[in-house]
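Read the single chain below, which is given as structure tokens and is the form predicted on its own.
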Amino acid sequence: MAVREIISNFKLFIEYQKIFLKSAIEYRANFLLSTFFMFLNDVIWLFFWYLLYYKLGDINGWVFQDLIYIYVFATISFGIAGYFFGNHKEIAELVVKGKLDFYLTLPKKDLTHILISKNSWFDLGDLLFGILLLIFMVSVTKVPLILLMIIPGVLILIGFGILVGSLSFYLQSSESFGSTLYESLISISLYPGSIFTGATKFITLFILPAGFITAVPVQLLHSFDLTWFILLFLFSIALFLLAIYVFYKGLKRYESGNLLYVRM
């Protein structure tokens, strides 16, 4: 059954990608502008960091090449999570505005369907920017390890988005709070890991786990440590599984509420 479910979800994923492609062709101006402006936003921010590094030389031992690595990990992870699994950032809105009803009336109403049923052209700009950085600004010898360590970043972004979005099942008016937490995760992941020490470093690893998206992978590129490499994957998988558990527990509350409403 598990294999059959995976195949079914993959086929559904492909069908959604076909729909998104047709939509991009039909609304090509919006598609190109959205993708371009996010790409341009990444260029501007990287140029800002270049000017800062040009003046300072390094930030607590982290040089500009380290920031290149940060942007490779961050933008490719953001791009994959946002473009292919766009609804991971919209769980709270789906719950609060009753939009989950659409999925619950369909034969295939699992979380995978919810995640893949939306994409973001802005996030495609991130993905393209990260790929170009990887091609032109990174040594070929580091590419395999980088691609491998992008996987935990994607899992963390999707898992964290689901987790904070699922708060809406349990707490009223948590939509803006969850959105703020998610945006904070993204913002923190774009800063050099060397600026965080002590309690702030703990927070960026285990509370708002931005460090596992960028800082830890960058450190592993410099000095590979098997313990931290394993921890990177274990933490990302644990967070992802926790998010799935919290979502489905919350979904029972959502469903029971709707059933009560129908009976009334």
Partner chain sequence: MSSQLNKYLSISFINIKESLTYIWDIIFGKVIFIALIIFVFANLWTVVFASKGEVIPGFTLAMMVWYLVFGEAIITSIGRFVKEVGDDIKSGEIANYLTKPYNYIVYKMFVSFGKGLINFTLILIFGGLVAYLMVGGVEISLISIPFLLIVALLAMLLNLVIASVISLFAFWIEDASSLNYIYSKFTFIFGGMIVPLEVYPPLVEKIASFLPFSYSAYHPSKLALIFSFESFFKVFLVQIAWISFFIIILIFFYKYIIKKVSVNGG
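Positions refer to the first chain, counted from 1. In this text, all values refer to a predicted model and were calculated from it rather than measured experimentally.
There is another form of this protein, the form predicted together with the partner chain, and it is not shown here; the text below is about that form.
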Problem set entry | the partner chain in the predicted complex: contacting segment from 185 to 193, 151 to 159, 128 to 136, 84 to 92, heavy atom within 4.5 Å | 185 to 193
Exercise. At the 4.5 Å heavy atom threshold, is Leu239 in contact with the partner chain in the predicted complex?
Worked result: no
For this session: Using the partner position in the predicted complex, report whether Val216 sits within 4.5 Å of the partner chain, counting heavy atoms only.
Result: no
Problem set entry | Phe48 within 4.5 Å of the partner chain in the predicted complex, heavy atoms | yes
For this session: May I ask you to state whether Phe224 is within 4.5 Å of the partner chain in the predicted complex, using heavy atom distances?
Result: no
For this session: Scan Met38, Ala210, Ile70, Leu232 and let me know which has any heavy atom within 4.5 Å of the partner chain in the predicted complex.
Result: Met38
Problem set entry | Residues in 55 to 73 close to the partner chain in the predicted complex, defined by a heavy atom within 4.5 Å, in order | Lys55, Leu56, Asp58, Ile59, Asn60
